[in-house]
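To begin, one chain is listed below as structure tokens, in the form predicted on its own.
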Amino acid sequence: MLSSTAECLFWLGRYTERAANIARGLGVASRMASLSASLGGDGAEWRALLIASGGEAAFSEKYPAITQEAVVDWLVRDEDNPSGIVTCFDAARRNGRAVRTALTVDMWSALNDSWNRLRKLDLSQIEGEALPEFLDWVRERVLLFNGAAHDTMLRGEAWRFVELGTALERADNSARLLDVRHGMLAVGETAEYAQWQAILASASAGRAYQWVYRDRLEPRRIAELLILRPELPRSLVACFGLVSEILEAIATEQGGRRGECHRMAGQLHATLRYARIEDIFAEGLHLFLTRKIETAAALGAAIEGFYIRA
């Protein structure tokens, strides 16, 4: 496969996943901000979302204050934000169009139709009661694309690079959403209980928690679920395990050619696979997650260096 094709497929997976993650985070932040206001809070949810999206610094350069209106504008409409929903859909479509023949008809239809519908929307009106409906639509469109890919795409290199981008983006998002709320996992007051629910909702893992633990919410179990439980598709161990598996499959298809990214992915997955949540908390949850975020970034760069920039 040409490196340019691999790059487009890899980033197609990343951008579609990122759009859904931002939509999910916005929906949770909106609900939690309303709860915080009713409890006399300061609306810190919006800042937490900016940090989790990795865009707080760039946001602060353009907007004078962190408000709901400003954050929604930044994460939905602002063309200067490479992680905004509109820019993610735009970038995903451009990457998809560049490798149109590598996609199935259903994949391209889902991607192209989403972009065409998005362009027709009056984005200035996406606020208040219209925001949740729009965010649900975004998630549904990404699910449609992912479903089309899963059901119709040949399990070859093209499929693997889309999945590789999706898995890496998902791992980074899970680590960030946990890290930005790591302090909430150390206390147990009523307001924090709602925050624990928000953490699970951000990963669409509320029902999964009840299925696995069949008990009330507990901070360490939430962290364990999102870090160490392989049954959860968005856990760190599941995502990095999938990255390692895909890289090995690509290497096998290419005659055994491997690089630093394969070693990093395998080592990272093994570390998580045999980790214990007690040891993670003893080390410090924030320190642990910060390292994983940095490692995910380094792994992404190594993958691009080996397969795309080489």
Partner chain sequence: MAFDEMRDGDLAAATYAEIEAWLARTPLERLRQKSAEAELLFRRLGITFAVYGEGGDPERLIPFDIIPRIIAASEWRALSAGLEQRVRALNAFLADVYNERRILKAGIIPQALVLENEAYQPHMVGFRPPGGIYTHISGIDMVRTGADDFFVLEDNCRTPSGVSYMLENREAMLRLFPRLCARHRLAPVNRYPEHLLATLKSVAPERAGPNPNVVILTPGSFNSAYYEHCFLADEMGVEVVEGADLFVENDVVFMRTTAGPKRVDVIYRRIDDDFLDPECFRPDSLVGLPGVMRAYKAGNVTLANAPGAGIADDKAIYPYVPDMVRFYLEEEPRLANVPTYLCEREGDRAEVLANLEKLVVKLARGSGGYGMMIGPHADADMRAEFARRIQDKPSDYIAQPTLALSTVPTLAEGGIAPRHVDLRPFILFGRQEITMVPGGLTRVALREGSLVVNSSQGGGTKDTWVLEEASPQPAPAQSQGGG
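If you're wondering where the values come from, they're calculated on a predicted model, not measured in any experiment. Numbering follows the first chain given and starts at 1.
Not pictured, yet referred to below: the form predicted in complex with the partner chain.
Quiz item: Of the options D78, D179, E157, D90, which one has a non-hydrogen atom that comes within 4.5 Å of the partner chain in the predicted bound form?
Solution: Selected residue: E157.
Quiz prompt | Candidate from S109, Q210, Q125, T152 lying within 4.5 Å of the partner chain in the predicted bound form - any heavy atom | solution = By the 4.5 Å criterion, the partner-contacting residue is S109.
Quiz item: Would R216 count as a contact of the partner chain in the predicted bound form, using a 4.5 angstroms cut-off between non-hydrogen atoms?
Solution: It does not: once the partner chain is placed as it appears in the predicted bound form, R216 has no heavy atom within 4.5 Å of it.
Quiz item: Is R220 a contact residue for the partner chain in the predicted bound form, using a 4.5 Å heavy atom cut-off?
Solution: It does not: once the partner chain is placed as it appears in the predicted bound form, R220 has no heavy atom within 4.5 Å of it.
Practice problem: Please check if F161 has a heavy atom lying within 4.5 Å of any heavy atom of the partner chain in the predicted bound form. | Solution: Answer yes; at least one heavy atom of F161 falls within 4.5 Å of the partner chain in the predicted bound form.
Quiz item: Is A98 close to the partner chain in the predicted bound form, meaning a heavy atom pair under 4.5 Å apart or at it?
Solution: Output for A98 is yes: heavy atoms within 4.5 Å of the partner chain.
Self-check item: Interface stretch in the predicted bound form with the partner chain - options 168-176, 69-77, 128-136, 99-107, non-hydrogen atom within 4.5 Å
Solution: Checking each option against the 4.5 Å cut-off leaves 99-107.
Self-check item: the partner chain in the predicted bound form - contacting residues of 283-309, heavy atom within 4.5 Å
Solution: Contacts from 283-309: just Y307.
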